[in-house]
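A single chain comes next, written as structure tokens; it is the form predicted alone.
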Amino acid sequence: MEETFDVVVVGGGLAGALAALALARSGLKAALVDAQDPAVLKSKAYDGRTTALAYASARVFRRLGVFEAFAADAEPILDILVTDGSGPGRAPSPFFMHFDSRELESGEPLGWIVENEALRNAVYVGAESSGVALFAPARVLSAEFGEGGARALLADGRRLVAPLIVGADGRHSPLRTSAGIKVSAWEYPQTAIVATVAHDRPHKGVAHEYFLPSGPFAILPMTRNRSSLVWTERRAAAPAYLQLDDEAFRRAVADRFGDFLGDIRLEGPRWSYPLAFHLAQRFIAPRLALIGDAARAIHPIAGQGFNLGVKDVAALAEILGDAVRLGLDLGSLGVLEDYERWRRFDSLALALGTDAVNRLFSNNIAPLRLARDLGLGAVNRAGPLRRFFMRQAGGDVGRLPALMGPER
């Protein structure tokens, strides 16, 4: 009833499945555990949302050999237009910020919008073909962390033994709690409403981030003349919008969307989730490393949440690969502290940055509106600064893991 691995990844979401794939491709014997049936995880009904994949994150999927599996369902982001507004139906500020992918030296798009179903299916197929041992549906009852290794006890009595457990078990991570790692956390008075719309006119690969007093309203280009909407609304008001019938909801979207893409039609269900911030005070404990939402959850204002998780995966795979070559214990604090130093400061800086931008823009205070609009215009005119922000949005700044680096 006991099986031995190099690494056990707990949590089969996008970050966890990608971690298992990356670790297996680096030569480690990896196990992936999730409470859900894989058939449910990979269905559209489980998650009909989309992911904004930054261009440096897309390099990871290419190097792991799975990008082509979802390429037909990935729409490149060629431009990003950031504007400020004072309310639905009102003209936006004349000041704006424009990111143009043609300014990138690498020649890559700024990113890709991919439906989560396609992304998850590609990663799971890649993980299975790479020899990842999948335990699903399987629930972890408890985990033990000792000097000789870690053990995950499953509900069916099996024990998975490894030098290291990777916690990819979400924002309410039981592994993080059992390790005694505290979090800094707060809730936003906002709810994200997510939907897909079809429209008459082509979007031409342009993503729009339109700031409204209630929060950002993002229009993200998808394949087949569709766009994904991420509508941030005040938490008190969101239930009323979610309860509208389809036509009334479509009109509410159109009030914010405008008519630049012609008539719009809802496609598929609506999704919603309350917005909150948390950051683990440590990303590691003896024989435990946290990745993805188990390590942090940030405001979706810049679409960076999953991309931070991708960088976690790439950094951890590199550090563990180096440790194997040097004959080091994969779960030792000496190895894991390298991972924490690499990832926690970057996470803290981006988390606090997105929090500050959300607080600055999610209001209708005239002096603040004037200051932020002038700031947008100034950044747009300052080429080097604008290009830095483009690279920041693309995940292409700071110390990059080999999986995320540019092509040589």
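Residue positions are given as counts along the sequence shown, with the first one as 1. Because the structure is predicted, anything quoted here is derived from the model rather than measured.
Although not depicted, the form predicted together with a small molecule is the subject of the following passage.
Undergrad: Residue-level contact is defined here as any heavy atom of the residue lying within 4.5 Å of the small molecule in the predicted bound form; does residue 14 satisfy this criterion?
TA: Residue-level check for residue 14: yes, a contact with the small molecule.
Undergrad: Would you check, heavy atoms only and a 4.5 Å threshold, whether residue 194 touches the small molecule in the predicted bound form?
TA: Yes, residue 194 is a contact residue.
Undergrad: Using the partner position in the predicted bound form, report whether residue 360 sits within 4.5 Å of the small molecule, counting heavy atoms only.
TA: Flag for residue 360 set to no.
Undergrad: Though only this chain appears here, would residue 139 touch the small molecule in the predicted bound form if you measure heavy atom gaps against 4.5 Å?
TA: Because a heavy atom of residue 139 falls inside 4.5 Å of the small molecule in the predicted bound form, the answer is yes.
Undergrad: With the small molecule left out of view, choose which of 101, 121, 190, 307 has a non-hydrogen atom within 4.5 angstroms of it in the predicted bound form.
TA: Contact with the small molecule in the predicted bound form is made by 307 alone.
Undergrad: Could you check which residue among 109, 163, 300, 126 gets a heavy atom within 4.5 Å of the small molecule in the predicted bound form?
TA: Filtering the options by heavy-atom distance leaves 300.
Undergrad: To test your reading of this chain, name the stretch in 179-187, 93-101, 267-275, 202-210 whose heavy atoms come within 4.5 Å of the small molecule in the predicted bound form.
TA: Going through the listed ranges, the match is 267-275.
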